[in-house]
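Presented as structure tokens, the chain that follows is alone, the form predicted alone.
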Amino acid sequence: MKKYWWQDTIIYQVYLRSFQDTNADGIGDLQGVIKRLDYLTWLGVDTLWISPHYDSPMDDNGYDVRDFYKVSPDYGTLDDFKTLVSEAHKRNMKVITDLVLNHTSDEHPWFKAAQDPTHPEHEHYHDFYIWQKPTYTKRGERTLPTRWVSWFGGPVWEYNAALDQYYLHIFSKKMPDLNWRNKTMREALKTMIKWWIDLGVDGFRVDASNHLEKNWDFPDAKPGYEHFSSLPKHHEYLEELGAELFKPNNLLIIGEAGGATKKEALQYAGFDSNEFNLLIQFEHCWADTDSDNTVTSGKWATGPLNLPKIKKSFAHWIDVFKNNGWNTIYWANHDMPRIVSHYGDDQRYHARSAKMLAYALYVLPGTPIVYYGEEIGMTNVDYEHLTDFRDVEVYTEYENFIRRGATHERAMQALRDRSRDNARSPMQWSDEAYAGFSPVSPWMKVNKNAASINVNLQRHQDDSILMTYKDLLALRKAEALAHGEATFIDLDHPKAYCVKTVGKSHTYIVVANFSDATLDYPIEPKLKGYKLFMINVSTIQSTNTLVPYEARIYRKRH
């Protein structure tokens, strides 16, 4: 099997704005990441993935880039970034950053020129973006080019009166989409990418990577996602970047693509692909939705957990990449609820269910991604007021909920359950004011549970969630579990999770109860020759009985 440095790495994703503030402005910064590098080394992290650090008006927390060559003043300076890379490398830690290629901010100089017919470089930059003329009714009413719907809700088209044209934005209207059919634009982006590589970046997570191509016939449809998502031609653009920049520089490139088939996945991230090394997919991420809920619908509709869906997704992707590429394992990221609140129990069984989720995931083969705060069981936000939220998506969706008939409290509960802000609250380092994140009131509120859920507290508890993560990450390395062979048992069982993974010197069986009720599960016949290795409860009631959220790891030597 081919072997690359990123196959054995442990990735830790940092949401920069919420990790650590060092200059007392309530916003996380690059110096804050530098301050915590020794903690990450202690935890077992080898690769640091930081969210967008570029200059930005922060309409979407940095994914709306105003200047690709500058660091946001919120986060520090270019020298701070260079220091971060240098200090990480001293600790044998790699650094990868988000690479935003689908769009820019509407404040980017390219777009300022593109939308202004009086700008001296208007003709050059206008075609860097995607424009369409409006149509008019007989009564002179202007109509949208299509009824396509933005991922953030509302139309994808925004009118520019000076040009009498609409520009396309599949996210916020302050994030106009780039025209990847324009070779000059592509070359400008490649120059930028090379500039960051030369500064020492070890790789990129490519944001919105499957949206780079659009259907230029602009057929009418609603919501129309099939016309700006996963179109075949976007592979040509990614292949171009890979062949010219990614592969020659031995970078780790992570892409994301929901709904990819096996063929598409290997096209993205097979060993023979020039596009990515790792692929993030989302099949297991929303396994608890309610299709009957038409008020707070889609991802916002919380329903019963479909555990077989999660297990089958894990098994499927292990199979997809077996011998042909490399699997990626993760529970959540900056766009999802906190995993212990999502699939566990963040109240009565907080620590137990957080450990159970860790057992279930981190004995699987592939490269793992730990999301900041996951290692201490950080929970969803407990905000009481709409104004406590910061995400641009929240306010659009709140209005949608109310329009469909939701009460204020029902809409608020959907936001507390599912909003992206859940994953972006300040890191809980200690029981100090503002959780040790900042000496001043942060950019968004700290969870009220920070005094009981924080790093300092858990570092001094041998059986804490944090120490469980440290032990599991060490086990992954000692047993080369990234290269292991995994087999799921009882895939269709609605409550029991059981998987066998063959490591370097031992074979492991993880068994877990994904429910808040005691579960009878006849595991004993499968355990011949195995000894109990790790457990998340103090005592076992019986081998074939699992109390709520109980999890065990058994092992036997080859």
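Quick caveat: nothing in here was measured; it's all calculated off a predicted structure. All residue numbers are counted from 1 along the displayed sequence.
Here the subject shifts to the form predicted together with a small molecule, a form of this protein not shown in this document.
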Even though the partner isn't displayed, in the predicted complex is D46 close enough to the small molecule, meaning a heavy atom within 4.5 Å? no
Quick one: does D202 come within 4.5 Å of the small molecule in the predicted complex, counting heavy atoms only? no
Can E283 be called a contact residue for the small molecule in the predicted complex at 4.5 Å between heavy atoms? no
My question is simply whether D335 lines the interface with the small molecule in the predicted complex - judged by any non-hydrogen atom within 4.5 Å. yes
Tell me the stretch among 207 to 215, 74 to 82, 192 to 200, 123 to 131 that has any heavy atom within 4.5 angstroms of the small molecule in the predicted complex. 207 to 215
Heavy atom of each of D29, Y371 and W429 within 4.5 Å of the small molecule in the predicted complex: no
Only one of K299, R424, K174, R352 has a non-hydrogen atom within 4.5 angstroms of the small molecule in the predicted complex; which is it? R424
Using a 4.5 Å cut on heavy atoms, which of F389, F321, Y469, F152 is close to the small molecule in the predicted complex? F152
